[in-house]
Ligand SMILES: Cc1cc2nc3c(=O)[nH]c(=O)nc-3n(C[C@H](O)[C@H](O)[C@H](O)COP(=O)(O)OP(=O)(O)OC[C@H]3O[C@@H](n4cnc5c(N)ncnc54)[C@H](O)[C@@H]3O)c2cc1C
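Before any questions on how it binds or moves, here is one chain, the form predicted on its own, in structure tokens.
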């Protein structure tokens, strides 16, 4: 470690309420997330880790970290629980990882609006438990919600359980505001309203250190889990689309192809080999689902109230599906896409014909701009970058919109275009480009956009 590095570490030692983690095993562990879902990212990121990790307990300590990093031009990467899988929390240029898990307080709740103000390091499972006493729950959850932090979800996530009703995190009305510390010579704690928050939402912590969030919540409901067995895959799509257009409360709607079901945990599998539709609804919703299943001549099983189940269907959807597949065979990886409206079956049929069982279908019902849509997180057998790109190109040519999980940058894994507002926010709040460098593509080419 250089003498310059030694100097900045000595400055950290003078900061009150700041834990410094220097053990190489701990530093390496806290420099990683679940990027190993992608063989592409595994090759790029396995050798990346910080010089050290710091864990502030209050705003003063956090702002001192930002000030010291500014003074010595040290890269600073933010970390929640490390449950992401794009490499969002991996430092590309060493420096410091700042672990935010001590910022874990629910600061305020407004009973009139249902808005909750919560610190960014609060674990979502803990936050949901705290919201219960107000009769509320979070609208959107990743499959890792029991351990993921709310700040990590906002900064690195996009949607999940609840997206069938509430869309995605960047849809208006989900994030109401936030507070963040700037990376300037004299760091400031600033408050942002909903519109001002947009550039910091899903920006991988590249343009501000989010310390707290103001979020809309939903009324707490008793959600019941249902599994529908279906022999014909085509029928699963028809049934799921029928359910998403019905006048019932839904929190989750997913399809797992039979070959995926075979790789799920023993408690989930049934003796009958079939494709499965997974639904979370209310007791009232079940009354409507039952005659729909009769109409389609399929059987459904009521597993019970999701919260009371030892193992619920929340454990086998979204990226937990991929997690279980990889626990059996590390050669499985995945894609993320929005399927073409009303042409979902045509795309799946063409891909099946060409790629056979190299691509297995996992579908999630979502809402896009208020309309029901089907997204897909298909799992695929890894056979090199060339084949991966060919599969993605095939899906694009058939009308799918790909959210590529095999890239490092915000833009690459999102809409694929530079968000000028995100870059402008970085220029204003991180003019040296020290926050999570290498993850915001627009920053590297900002001159081309006259930013």
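Residue numbers count along the first chain shown, from 1. Just so it is clear, the model here is predicted, and its values are computed rather than measured.
What follows is about the form predicted in complex with this ligand, which we do not show.
**Q.** Option from 390-398, 51-59, 420-428, 29-37 whose residues, in the predicted complex, bring a heavy atom within 4.5 Å of this ligand
**A.** Result for this chain: 29-37.
Q) Is there a heavy atom of residue 250 lying 4.5 Å or less from a heavy atom of this ligand in the predicted complex? A) Outside the cut-off, so no.
Q) Taking the shortest heavy atom distance, is residue 214 within 4.5 Å of this ligand in the predicted complex? A) No, residue 214 sits far enough from this ligand in the predicted complex that none of its heavy atoms falls within 4.5 Å.
Q. With the cut-off set at 4.5 Å between non-hydrogen atoms, does residue 144 touch this ligand in the predicted complex?
A. Heavy-atom contact with this ligand at 4.5 Å: present for residue 144.
Q.
Please tell me whether any heavy atom belonging to residue 167 falls inside 4.5 Å of a heavy atom of this ligand, as the geometry stands in the predicted complex.
A. No.
Q) Which one of 298, 323, 106, 175 is close to this ligand in the predicted complex, taking close to mean a heavy atom within 4.5 Å? A) None of the other options qualify; the answer is 323.
Q: Find the only residue in 239, 78, 366, 138 having a heavy atom within 4.5 Å of this ligand in the predicted complex.
A: Of 239, 78, 366, 138, the residue with a heavy atom within 4.5 Å of this ligand in the predicted complex is 78.
Q: Give, in sequence order, every residue of 193-212 that has a heavy atom within 4.5 Å of this ligand in the predicted complex, or say none if there are no such residues.
A: The stretch 193-212, when checked against this ligand in the predicted complex, contributes 204, 205, 208, 209, 210 at the 4.5 Å heavy-atom cut-off.
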